[in-house]
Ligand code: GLN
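Below, in structure tokens: the form predicted on its own, a single chain.
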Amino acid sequence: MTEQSDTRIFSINQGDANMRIASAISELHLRYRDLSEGTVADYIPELSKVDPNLFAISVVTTDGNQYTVGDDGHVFTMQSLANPFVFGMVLDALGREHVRQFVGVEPTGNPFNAIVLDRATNRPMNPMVNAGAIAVTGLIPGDNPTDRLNRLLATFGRYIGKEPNVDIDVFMSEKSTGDRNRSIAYLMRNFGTLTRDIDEVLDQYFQQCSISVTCRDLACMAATLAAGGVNPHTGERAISRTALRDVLTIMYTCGLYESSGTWVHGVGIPAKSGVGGGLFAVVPGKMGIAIFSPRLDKQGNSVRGVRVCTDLARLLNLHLFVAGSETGFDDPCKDWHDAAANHGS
């Protein structure tokens, strides 16, 4: 389902900071809209049908302002973008110590769908890769699969401001081709990391991957994480501050699969990508950023998404370790040349 729109910017007020954001994402959309590098995910048949030229950028600030450009109304599935939110939900329900018995917190140089566990603990390395995400899904509390799904959708609804839907076609496509994830699940059951019925857990996992959002929705979800766990549009808390700390930390170190180190070095803010073409980033205390563009690089990250975030971080000084500012946004670069000189090209 697509709500096509002309390239446009929406903003609620026009202060200097607002104008910088609006100008930056408008220019970045123009800069990268003709970029054709990468390919759409084809190992899930339903994902291979998406138009590879779709492209949207959306930003929501922690005071509720929203800026968006491109195909911002197009609906796509979250895929691994769901992992941080499910992780936070389980942390709030069960506590850090319990969750750490089933999944680690270390980065991995392996692909996101690697059939591998930590040799020392026999746990998945972290909750951002498939193995860790499946293990976390197996911990979602509830009396039965329907109850657990309803809890999951309600949690996502607090981030978005409305309860989302599951794309049934994508869910069935993932379920019918998910043998690699079944292999991961059986390996974890062998070591006691997964204790629930495998088919039930995998169905839940495929459902959370198939949750549908727009780029606007995703930016609001990211902004909720940036705003201390409170949705800036509704004022509703979606995650506790304690769980939020862990979620943002794991996103920072593990959010872009085996490209996570390069991301932290070059962009320097917590982020998560998904093979459906979505990518979101969090600037704590400032804003949430979302990009949708289905063409992926070899690691499974949106090509345009990575480019946009890299340039936006340079232009607005968003890297968490930019000297002289807590997030850098208060001292933006004057122009693109200035950004490249300060941060490297």
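Start at 1 and count along the sequence shown; that's the residue number. The model shown is predicted, which means the values in this text are computed figures rather than measured ones.
There is another form of this protein, the form predicted together with the named molecule, and it is not shown here; the text below is about that form.
The named molecule in the predicted complex comes within 4.5 Å of no heavy atom belonging to residue 54. Mapping the unseen interface onto this chain, residue 159 falls outside it, with no heavy atom inside 4.5 Å of the named molecule in the predicted complex.
At least one heavy atom of residue 174 is located within 4.5 Å of the named molecule in the predicted complex.
Using a 4.5 angstroms threshold between heavy atoms, residue 44 counts as touching the named molecule in the predicted complex. With the partner omitted here, the residue from 204, 130, 155, 253 that has a non-hydrogen atom within 4.5 angstroms of the named molecule in the predicted complex is 130. This chain appears without its partner; in the predicted complex, the one residue of 231, 126, 260, 80 with a heavy atom within 4.5 Å of the named molecule is 80. Note that among 269-277, 89-97, 216-224, 140-148, the stretch whose heavy atoms approach the named molecule to within 4.5 Å in the predicted complex is 269-277.
Shown here without the named molecule, the chain has only 112 in 93-116 lying with a heavy atom within 4.5 Å of that partner in the predicted complex.
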